[in-house]
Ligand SMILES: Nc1ncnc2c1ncn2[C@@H]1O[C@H](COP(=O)(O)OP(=O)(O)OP(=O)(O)O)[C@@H](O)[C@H]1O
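Form predicted alone, single chain, as structure tokens, below.
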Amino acid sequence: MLKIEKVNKNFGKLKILKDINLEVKKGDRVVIIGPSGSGKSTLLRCINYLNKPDSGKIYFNDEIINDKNIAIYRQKIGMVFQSFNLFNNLNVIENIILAPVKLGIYSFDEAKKKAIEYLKRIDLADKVSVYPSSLSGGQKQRVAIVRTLMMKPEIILFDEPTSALDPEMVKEVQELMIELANEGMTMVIVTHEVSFVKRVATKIVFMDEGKIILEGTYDEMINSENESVKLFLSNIK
């Protein structure tokens, strides 16, 4: 479904990604972990061409992603950011339906109906007309996830979706993500929450200093002979 081949990304003289190779199959929940500054978020942004790779290739459904077709693929590759990225001048339902209506994925009436269905599912049906400033962090992130789902993505990238939340709000976002995983959504997730990793990941990728050091299941990672991987897993929640 998604294949990354020898992707490199530099910011000036700083090498952020170094010959990254990774494959994500349909239905996979790939969780990327590693210390701060290891290139995890940059990798997600390269997949979605928010940061264009300096070299290497990214394939989606066997087609190379490039400048010419990225607008099409961004509809299929959703992204949820740690800072929510909601429009503060739009209310909840306007935030949710803006893109799918503009791009013709739904008519206005269809989009509104579908958005309300999603909001009921996440217990936010009473927030249809409120603005983001009136929402908690957990509510904002759930709205951001629904906004992504409205685009009918084939894969969703999550960039530390709970890192900006208070501890009591983390669970409500994680539970929604677990629901999506159980429904078969393909996901690539950057997170430091090991308890969540254990529940959702079909594959874990450990990155350090811009490289993929190790891939495997949680048990394979925790039982690996790589001391930096074991130390990292033992030191995070």
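All of these numbers come straight from a predicted model, not from anything done at the bench. Numbering starts at 1 and follows the sequence shown.
Beyond the structure shown, there is the form predicted in complex with this ligand, which is absent from this document and is the topic of what follows.
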message: Using a 4.5 angstroms cut-off on non-hydrogen atoms, would Ile16 count as touching this ligand in the model of the complex?
response: yes
- prompt: in the model of the complex, does Gly37 have a heavy atom within 4.5 Å of this ligand?
  reply: yes
query: Ser41 near this ligand in the model of the complex, any heavy atom under 4.5 Å?
result: yes
message: With a cut-off of 4.5 Å between heavy atoms, is Lys211 one of the residues that contacts this ligand in the model of the complex?
response: no
- prompt: in the model of the complex, do Tyr49, Arg74 and Glu215 all reach within 4.5 Å of this ligand through at least one heavy atom apiece?
  reply: no
field: Per-stretch contact check against this ligand in the model of the complex, the hit in 165 to 173, 57 to 65, 178 to 186, 28 to 36 (non-hydrogen atom, 4.5 angstroms)
entry: 28 to 36
- prompt: Across 189 to 210, which residues bring a heavy atom to within 4.5 Å of this ligand in the model of the complex?
  reply: His192
